[in-house]
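As structure tokens, one chain now follows by itself in the form predicted alone.
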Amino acid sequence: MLFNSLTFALFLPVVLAGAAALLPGWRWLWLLAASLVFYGWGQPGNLVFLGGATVWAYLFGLALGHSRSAHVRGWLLASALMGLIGSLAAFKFHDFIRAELPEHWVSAWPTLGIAAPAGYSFYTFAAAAYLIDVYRRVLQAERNAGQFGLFMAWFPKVLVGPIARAKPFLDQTRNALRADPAKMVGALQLVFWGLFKKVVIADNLAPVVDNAFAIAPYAAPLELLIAVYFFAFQIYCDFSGIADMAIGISRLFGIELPVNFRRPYLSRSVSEFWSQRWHITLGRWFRDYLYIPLGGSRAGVGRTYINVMVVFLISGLWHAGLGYGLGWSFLIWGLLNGLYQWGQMGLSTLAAKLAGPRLVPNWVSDLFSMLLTFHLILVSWVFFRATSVGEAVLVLQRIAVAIPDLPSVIRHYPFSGDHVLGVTLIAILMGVETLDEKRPLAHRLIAWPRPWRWGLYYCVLGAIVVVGSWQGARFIYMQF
């Protein structure tokens, strides 16, 4: 079931009404049932994967909680993670690797023929984090199988996160779930702003992007350039839109989920982009469960560089999926972002040694840093969107060769209504985010006169209904 479907528009009020009718201490059971219906809707076979991962993590969590032997605990954790991460890797890469090898090597090697269901990457990572926390004894194993099941299956986050940690989530569900009336307005603002980003911005940019990439060798270079820019905002609005909705919907039930996006295209460095603003919960997962265990920045300069690259390469593998085909381009995407980090680490050391009086105002250097960071990320998105490394290189080559002629081409190019609409929507988005960066938009709205505030609400609702694209498009990240 998708958030932007009519089915979900009918499903959510029913779940809200059912939760309100129950005593607070029993609401988690109703929400668990609703989450299973949501995840299995139309594809009940997905529940087998979710149920398997849940039972696996629950039982290994109990075993880790009971065991006092460090040796046994180590083996338990290794076995549990091999089951979770190994299954994820098998679903993603088994058939791909087989296809990449010479046929005479793999003639006796059968294909798996099974793709990971929607959201599998997200809830296996959540389960892995839970098991590691139990192993580290920062979290007690959850004994209530139903509440652990709700943590794994919670419908606002099961498809694309955020990758919530078990402790804060279970702390909330152990207590009676009560929505905070003071947070209702903010929750609804998040839901509708997220829906606006998805159906109005992302889904209106998608056709321009898809059409250009579908004929990359023949599309005009300017069309490819527009598609690359549009894709940067399509994937952001697609992913952050559902994240906003997940947080807002959870808040309606009294559950707080972690923030996953914080205006990423206003980042002043690639490091800031990945660590503080884009897919924050995944970045923190890699920091806490991979980068720091590898030694982080405490094991010397050389190891720090290696650890950073390892994290980004594995992040690239994690992102490999069905969205745009499974190929080496995701590994190149991770490598490219790792190299960006290396460059920043090296230059920051040099800059610290050469520090002197500022030659330009802060706002000029900030704007330059934001534009540079955005365009570095933009280049990496080409490898993310393309269906192969060759296609990504072709797109970048054709754009680079045509850049000297772009000023004259732009003057005579027959821009379509889709182009104008896309640029307008991106301008609105960045205007809103720039204002929100300086002072939260929710705080600004409270200070507005009521007619102005409600006028804005009606405009957003009107845009969702009239301009929104309601073709039932899937969310990009739910396929990873």
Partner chain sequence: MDEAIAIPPPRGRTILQFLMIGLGLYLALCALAEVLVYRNGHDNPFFKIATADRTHYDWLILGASHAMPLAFDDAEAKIEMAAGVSILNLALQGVGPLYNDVVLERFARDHSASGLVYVVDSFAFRSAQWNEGRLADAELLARTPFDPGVARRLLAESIKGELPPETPLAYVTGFPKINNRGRFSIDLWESASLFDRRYRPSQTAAADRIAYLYPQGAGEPAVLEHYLDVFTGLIERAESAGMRVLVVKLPLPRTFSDRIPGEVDFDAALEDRLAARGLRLLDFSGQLQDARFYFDSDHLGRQGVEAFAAETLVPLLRLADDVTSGAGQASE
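Positions refer to the first chain, counted from 1. Just so you know, these numbers come straight off a predicted model, no measurement behind them.
Below: the form predicted in complex with its partner chain, not depicted.
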May I ask whether Q43, D288 and L317 each come within 4.5 Å of its partner chain in the predicted bound form, counting any non-hydrogen atom?
-> no
Residues in which of 105 to 113, 252 to 260, 122 to 130, 288 to 296 have heavy atoms within 4.5 Å of its partner chain in the predicted bound form?
-> 252 to 260
Proximity of K183 to its partner chain in the predicted bound form, heavy atoms at 4.5 Å = yes
Is there a non-hydrogen atom of T173 within 4.5 angstroms of a non-hydrogen atom of its partner chain in the predicted bound form?
-> no
Interface membership of F11, its partner chain in the predicted bound form, 4.5 Å heavy atom rule | no
Should W452 be counted as a contact of its partner chain in the predicted bound form, where contact means heavy atoms within 4.5 Å?
-> no
Sole residue of A427, V48, V420, A442 within 4.5 Å of its partner chain in the predicted bound form, by heavy atom = A442
Heavy atom within 4.5 Å of its partner chain in the predicted bound form - qualifying residues of 1 to 31 | L6, T7
